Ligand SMILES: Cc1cc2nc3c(=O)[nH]c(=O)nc-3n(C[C@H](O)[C@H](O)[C@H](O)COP(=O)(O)OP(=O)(O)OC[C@H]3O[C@@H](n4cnc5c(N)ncnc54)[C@H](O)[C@@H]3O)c2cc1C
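Just one chain follows, in the form predicted on its own, and it is written as C-alpha cells.
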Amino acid sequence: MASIAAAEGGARTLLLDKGDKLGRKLGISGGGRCNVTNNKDTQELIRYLPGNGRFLHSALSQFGSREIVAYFEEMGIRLKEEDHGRMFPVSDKAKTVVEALVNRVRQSGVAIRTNQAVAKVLYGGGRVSGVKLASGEELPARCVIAAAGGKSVPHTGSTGDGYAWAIEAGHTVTELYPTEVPITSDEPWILSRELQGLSLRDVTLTVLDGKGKKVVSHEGDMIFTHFGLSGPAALRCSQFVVKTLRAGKGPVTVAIDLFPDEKEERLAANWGTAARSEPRKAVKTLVRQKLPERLVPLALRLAGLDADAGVANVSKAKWQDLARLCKALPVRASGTLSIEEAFITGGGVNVKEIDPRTMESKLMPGLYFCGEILDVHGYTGGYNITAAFASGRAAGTAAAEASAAARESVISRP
C-alpha cells in the first residue's frame, strides 16, 4: 500500500522484500480468506485498536474502512460483510487480494526486488540517505518507508528487522509482547486435557488481577486446548493477561461466563425447580440438559456436587454454588504463547516520535514507518490490516510529496 501510494504520487519507487514473493503475511490472514477491513467508522475502528489507536485518527480519517472497500472494489475485488462488520473478498481467498495489490504495484511503475534483505538504513547529514542490503549493495534514497512488520508469524518474514533501523535513527522501541495469542494455564484439568477441543459459543471472558479486580471483559467464542484457552474471545483477552502479569498484579484468572444472558439467581432457581419436578433424576443428568456434556464432570466437581446423587438431595445453596461457577468458571492464566506464535506484536516504534499525519519520523527526516512495526495494535477482525493499510497509504503519500518538494528545490536553485 505504501509503495503504490508513493508511486501514484509521482515518486520513483523501489519495493524491497527479503522474501521470495510479496504479500506472504497478507496471504494467510483471516484464516486464508483475508479480512481486508472492518465496516466501522473511524471512532469505532479506533476503539478496536486498544494499542494507541488514537494515533491513527488522521490516517483513518483519510483512508478508513469505506475508502478501503472502495479501493478494492475499484480494482474489481467484490467484498462481502460478515459477522461483526468483517469484510472479506467474495471469493473467500486471500490470494485474490494479494494478486490485486501486487498487480496494482506493478501497474503503478514500482520497481520490485525480492530476496533482497535490508541490512540497515543509511543516515547522513541529519537525514535518511538510503539503504544497505545484506549483499553489501547500497541504494541511495531521500525517503525510506519501513514496513517490516513486528515479530509475530516469523515464517512470513516478520522477524523484527526494522526495530534496529529505528533505534539507530534515535527512536525508542517500546517493550514488545504478544497480542491476539492463545492463553496458557497450568490448571490440572487443563494439563490433563480433560476439555481439549471443547468449543463454547457466545460466552464472556473476564480477566481478573490478583486482587480479583476486573481488568477487561470480552464476549465471543472460545475453545479449550491442551495448554489453555484459544478462540476469538481468548485472543482478545490475551494482551491484558500479559500486561497484568508484567505489571506484577498477578496471579491472573480468566473467568468464563457460560451464560452471559442469564442471571446467577435465575440459573440456580431453574435448576431447583427442575429438581423438584423430577426428584429421581441424577444430578449429572439434570445438569447435562444445560451444560455441554464434556463440561459437566468438571463443573460438578468444582461445585462440590456428587454427579451420581439424586437431585432431591441437593440443597438450594448447592444449586447456587453451581450457578455461581457457571457464571464465572475460573481458569488460572500462567501467561500466553510466545510472541512468535501470536497473530500480532504489541509494542514497537514509539508513536510519540512519529508525525501522525505523515508517518514520518520526528527525529530523522526522510524516515517513515507504517504497519505493525509501530506501537499500534488492534483486535482480530480486520482492525490490524486496516491500520496497516491506512498508515501505509499515509506514509507513501507523504514520502512522494517530500520527494517532489526535494526535486523542485534542486531545480529551482540558481
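Quick note: we count residues from 1 along the sequence shown, nothing fancier. Quantities reported herein were computed from a predicted structural model and do not represent experimental measurements.
Same protein, other form: the form predicted in complex with the named molecule, not shown, and the subject of what follows.
Each of 116, 149 and 388 is positioned with at least one heavy atom within 4.5 Å of the named molecule in the model of the complex.
Among residues of the shown chain, residue 346 is not one whose heavy atoms approach the named molecule to within 4.5 Å in the model of the complex. Taking non-hydrogen atoms only, residue 156 approaches the named molecule to within 4.5 angstroms in the model of the complex.
Using a 4.5 Å cutoff between non-hydrogen atoms, residue 35 counts as a contact of the named molecule in the model of the complex. In the model of the complex, the named molecule stays beyond 4.5 Å of every heavy atom belonging to residue 402. Only one of 348-356, 65-73, 40-48, 367-375 places residue heavy atoms within 4.5 angstroms of the named molecule in the model of the complex, namely 367-375.
If you take 1-32 and check each residue for a heavy atom within 4.5 Å of the named molecule in the model of the complex, you get 16, 17, 18, 19, 25, 28, 29, 30, in sequence order.
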